[in-house]
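Just the one chain here, the form predicted alone, laid out as structure tokens.
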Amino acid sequence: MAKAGGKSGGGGKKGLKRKASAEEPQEAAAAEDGATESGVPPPKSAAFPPGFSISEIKNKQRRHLMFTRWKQQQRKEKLAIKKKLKKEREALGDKAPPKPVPKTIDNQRVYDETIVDPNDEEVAYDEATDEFASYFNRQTSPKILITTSDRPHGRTVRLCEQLSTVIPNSHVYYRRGLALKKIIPQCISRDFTDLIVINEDRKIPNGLILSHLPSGPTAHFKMSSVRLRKEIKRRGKDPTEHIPEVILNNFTTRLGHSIGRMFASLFPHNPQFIGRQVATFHNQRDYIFFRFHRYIFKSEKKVGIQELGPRFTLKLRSLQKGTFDSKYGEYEWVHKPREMDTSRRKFHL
């Protein structure tokens, strides 16, 4: 019995030693946590050697602790450099060099040979002879037909109705099971200049087809991030019937130039500035953001804007010559992700 007791006592001592040794790193980690939380700078041992890699630490808690400590160290170094540069600029005064332009994906864009030069004679000739020349020569005035896919749901119908208040002289008609090949001749006979079709999937608008009549071209877009007027916070009152101004941003290539001219041909020439309404198509990294605003004069120097809605984002999928023809149509441009999206800094519009 005594031997058994002795063994159990010895085992208890060993167990206590093991517990104590296990508790020591936990206490050290807790102390380190407290030091970081209290804002006290970490000890000198926090400086990491050049070949040190945090991913090599197998303990998850220790790895997370070291990673947060490394992030703090990086933040402090960055802040110290920023303060040093600020002091140097204040000391130099007017002689200080200009601030460096930050590197972004947009200004690091891969050069594209098709970027349009406005003074190019070839571009001017193409503009004078393309399908939109009659509109820009003020020979025709836009008349738009807006329709949907078969059996549209409420969200798609409301989007069409709100688009008709944005685009002047536009008319909403329900599809009623007709094919687009039958709709297009009827539109041409009734002097419509453009056809807009909004497609949906699972009751959500997800696509837009824009066809210029009578001879094309036809563009197919993916639609996303749709927000109707009721879903926009701090929106203004409903738009008036005044003709809005149109802003087209960053359509720089030959393809982007064609898409920008398609959007411009939807709106009449002479905007009514008294309405203070602006429709914006902003291209950034091949995503086209549509916004509809009203600007407000707060004073002689200050101007504010108020979003009216709706808003959505478009991504070009294809550009087809002529009117819509899914089987025998000739495509000018088709988006092929595996071939075209090899670099994040390459854009097509």
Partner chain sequence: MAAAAGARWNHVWVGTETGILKGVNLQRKQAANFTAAGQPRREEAVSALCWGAGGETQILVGCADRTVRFFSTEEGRFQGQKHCPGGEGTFRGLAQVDSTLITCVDSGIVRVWRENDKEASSDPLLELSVGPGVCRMRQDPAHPHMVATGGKENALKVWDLQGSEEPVFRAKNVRNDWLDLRVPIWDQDIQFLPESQKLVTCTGYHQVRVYDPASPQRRPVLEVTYGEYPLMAMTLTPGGNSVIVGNTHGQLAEIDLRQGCLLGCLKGLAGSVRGLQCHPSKPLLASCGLDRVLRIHRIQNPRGLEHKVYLKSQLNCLLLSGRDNWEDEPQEAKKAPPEDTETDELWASLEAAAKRTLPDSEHTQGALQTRRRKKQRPGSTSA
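From a predicted model like this one, the values you see are computed outputs, not experimental measurements. Numbering follows the first chain given and starts at 1.
Omitted from view is the form predicted in complex with the partner chain, to which the following refers.
Visitor: Does every residue of D201, R261 and D286 put a non-hydrogen atom within 4.5 angstroms of the partner chain in the predicted bound form?
Guide: Answer is no for this spot.
Visitor: Between the options N249, Q272, T114, N169, which residue brings a heavy atom to within 4.5 Å of the partner chain in the predicted bound form?
Guide: Residue within 4.5 Å of the partner: T114.
Visitor: Scan T129, N107, S189, Q139 and let me know which has any heavy atom within 4.5 Å of the partner chain in the predicted bound form.
Guide: After the contact test, the surviving option is T129.
Visitor: Report the stretch among 192-200, 176-184, 87-95, 115-123 that approaches the partner chain in the predicted bound form to within 4.5 Å, counting heavy atoms only.
Guide: Going by heavy atoms within 4.5 Å, the stretch is 115-123.
Visitor: Is there a non-hydrogen atom of R158 within 4.5 angstroms of a non-hydrogen atom of the partner chain in the predicted bound form?
Guide: Although the partner chain is absent here, R158 would stay clear of it in the predicted bound form, with no heavy atoms inside 4.5 Å.
Visitor: Looking at the partner-bound form in the predicted bound form, is K143 within 4.5 Å of the partner chain by any heavy atom?
Guide: No.
Visitor: Determine whether any heavy atom of E330 comes within 4.5 Å of a heavy atom of the partner chain in the predicted bound form, and answer yes or no.
Guide: E330 belongs to the contact set for the partner chain.
Visitor: Contact with the partner chain in the predicted bound form for R254, defined as at least one heavy atom pair within 4.5 Å: yes or no?
Guide: Because a heavy atom of R254 falls inside 4.5 Å of the partner chain in the predicted bound form, the answer is yes.
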